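Have a look below at one chain only, the form predicted alone, in structure tokens format.
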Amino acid sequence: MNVFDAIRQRRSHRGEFQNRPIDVADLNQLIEAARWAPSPFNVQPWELLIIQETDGKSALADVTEHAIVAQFKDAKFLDDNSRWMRLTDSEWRKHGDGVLLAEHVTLPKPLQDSPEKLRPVLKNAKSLAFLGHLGAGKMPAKEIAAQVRSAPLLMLVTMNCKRYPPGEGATRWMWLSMGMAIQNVLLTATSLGIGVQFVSAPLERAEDRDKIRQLFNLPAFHEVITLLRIGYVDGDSADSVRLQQSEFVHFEKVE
């Protein structure tokens, strides 16, 4: 698979993985891909924690579950999410961005054929926080936690903040480097038939990141960047949409 094909075919895999571990050779390729990412002054600030044992996966699944329950109680979080939720495939393609609601939550059967009925709800998503306090987040929290727990491999990506380049923009360039290392992993995974999903919930709050740092004995100078859920996938990649080039490309100056 050439690089551009990998770019076009890469997707966040939210479904189940094949029930088999990641081959040692394939894991080494993912690690090598991160190793050869560019960074300012070649500081290479990335650190990878590979988690394959049950105890580590269960610990991260528990943090994930508690974090999602908390998110369903957070009015601002719900409101921010609603901006990027698309109810129908046609709406999704028209906007060229965001995500399909049905791919993130299991809708009740009466709404699966008529998701447009949820539009008034999305427009007032922050008002749903009271449902979170009544336990509405427990079911999706358990579903996502189960996916984390059953993943063949988890990769916790951290940034070694002692490895910083010179200049006032040091932190900015380090974050840029982290993104490039992660993208290298994603594209290599795609070329190997491996699916990857970002698990963001347990990293949203500082208190949860601190808990993860303690669970895995991470030094205080390691900034937790992302958690990747990784496994082999079957079949073609899922569909996706993007903005048209004319909507984000500017020549010479912004009109």
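Predicted model, so just to flag it, every value in this text is computed and none were measured. Don't overthink the numbering: it's just position in the shown sequence, from 1.
A second form of this protein, the form predicted together with a small molecule, is not displayed here; the remarks below concern that form.
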| Among 199-207, 36-44, 214-222, 49-57, which stretch has residues whose heavy atoms lie within 4.5 Å of the small molecule in the predicted bound form? | 199-207
| field | the small molecule contact at residue 180 in the predicted bound form, heavy atom, 4.5 Å | value | no
| How about residue 240: is it within 4.5 Å of the small molecule in the predicted bound form, going by heavy atoms? | yes
| query | Would residue 18 count as a contact of the small molecule in the predicted bound form, using a 4.5 angstroms cut-off between non-hydrogen atoms? | reply | no
| task | Verify the contact flag for residue 99: yes if a non-hydrogen atom of it lies within 4.5 Å of a non-hydrogen atom of the small molecule in the predicted bound form, no if not. | result | yes
| field | Candidate from 142, 104, 73, 163 lying within 4.5 Å of the small molecule in the predicted bound form - any heavy atom | value | 104
